[in-house]
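Shown next as C-alpha cells: one chain only, the form predicted on its own.
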Amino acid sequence: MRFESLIFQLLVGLSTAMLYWIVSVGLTFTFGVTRVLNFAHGSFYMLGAYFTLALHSLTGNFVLSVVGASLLVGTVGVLCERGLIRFSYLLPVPFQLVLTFGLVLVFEDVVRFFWGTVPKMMPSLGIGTVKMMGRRFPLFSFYLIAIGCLIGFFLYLLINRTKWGMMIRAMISDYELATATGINPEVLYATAFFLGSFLAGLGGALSLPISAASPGMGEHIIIYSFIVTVMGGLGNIKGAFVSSLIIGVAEGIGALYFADLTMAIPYLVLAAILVVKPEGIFGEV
C-alpha cells in the first residue's frame, strides 16, 4: 500500500510540476531574451485565470476560454513591454524590479475593482476522475501533464526550427553582431514578451479546475517561478523544465513522508542545488 501511495503522489507531483513549468518557462524565456526579471509575470498568471472565468461565462466553452484568455494576457504583456518595460532595458536590475513590482500592485487593484476580493471557482467541467491505486485521480491532471509536454515540444520546434527562433538565438549569443545583420531587437523583445505572457496566462487558466482565482494568486506562483528559474539556470529553458520536475515531484513525495515540511521543500531543494551548483543546474544562458 505504501508503494501505491508513492506512485499516486508521484503523479500528483508530475501534474504540479507541469503547471510550474508552463508558468516558469515564460519567465525564463523572457529573461533569456530581454534580461529583465519580470515580477509582473505572476500578475499575468492571475489575469489568465480571471479572463478565463469572464470568457467562460460568455461562451460556456472551457478550451475556447483558455485560448482566448491566454491571447489577451499575451496582448497585455506586449502593451506593458512597449509602454513601460522597454525603457528599463539599460537600467540596473533594481530599477526593473521596482517597475515590474509596481505593475503587480496595479493589476491586483484592477482585479479587485472588476471581480472583487472573494475567490472565484470555475464551474464544474465534468471531466471526472479515474480510479488508481485505490484512490480517485483527476483526469484533468493527466491532461495537464500532456499539455506541459506538448508545450515543451512546441518551444523546442519554435526556437530550433523557425527563422524567429534562429534570430532569438543569434541575438542572445551576440547582440551586436545580430543587430548588425539587420535583426530588429525591438520586434523580438515584443514577441518574446507576448510568448512569455501568453504562457503565464495559460498557466493561470489551467489552474482553475484545481484551484480558485483570487487577487493574490500571482504572488505564490511568482515565487515558485523564480525558484525554478534560478535553480535551472537563468534564461535556460531546459533547466526550467528539469527544475520544475524536481520541485513538483519533491513536493508530491514530500507530502507523503514529510507533510509538516511541504511548504519548505522547494526552498530546501533550491538551497541544496545552489550549494552544489551556484549557477543553477544548466547554468545561465
Partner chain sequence: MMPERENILTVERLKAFYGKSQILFDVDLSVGKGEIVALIGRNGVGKTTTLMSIMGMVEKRDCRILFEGEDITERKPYQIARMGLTFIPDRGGVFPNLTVEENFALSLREGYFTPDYVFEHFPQVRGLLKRKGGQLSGGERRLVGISRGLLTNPRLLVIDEPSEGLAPAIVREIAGVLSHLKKEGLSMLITDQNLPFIMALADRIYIMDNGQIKVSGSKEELPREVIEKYLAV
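Please read all numbers here as calculations on a predicted model, not as lab measurements. Positions refer to the first chain, counted from 1.
As for the form predicted in complex with its partner chain, it is not shown, yet the points below apply to it.
Site annotation in the predicted bound form: the residue of Gly83, Gly134, Pro92, Gly182 reaching within 4.5 Å of its partner chain with a heavy atom is Gly182. Between its partner chain and the residues Val111, Ala190, Met167, Leu99, the one pair within 4.5 Å by heavy atoms in the predicted bound form involves Met167. Looking at Ala178, you'd find a heavy atom of it within 4.5 angstroms of its partner chain in the predicted bound form.
None of 169-177, 74-82, 192-200, 140-148 except one has non-hydrogen atoms within 4.5 angstroms of its partner chain in the predicted bound form; the exception is 169-177. Interface residues of 63-100, taken as those with a heavy atom within 4.5 Å of its partner chain in the predicted bound form (partner not displayed), are absent.
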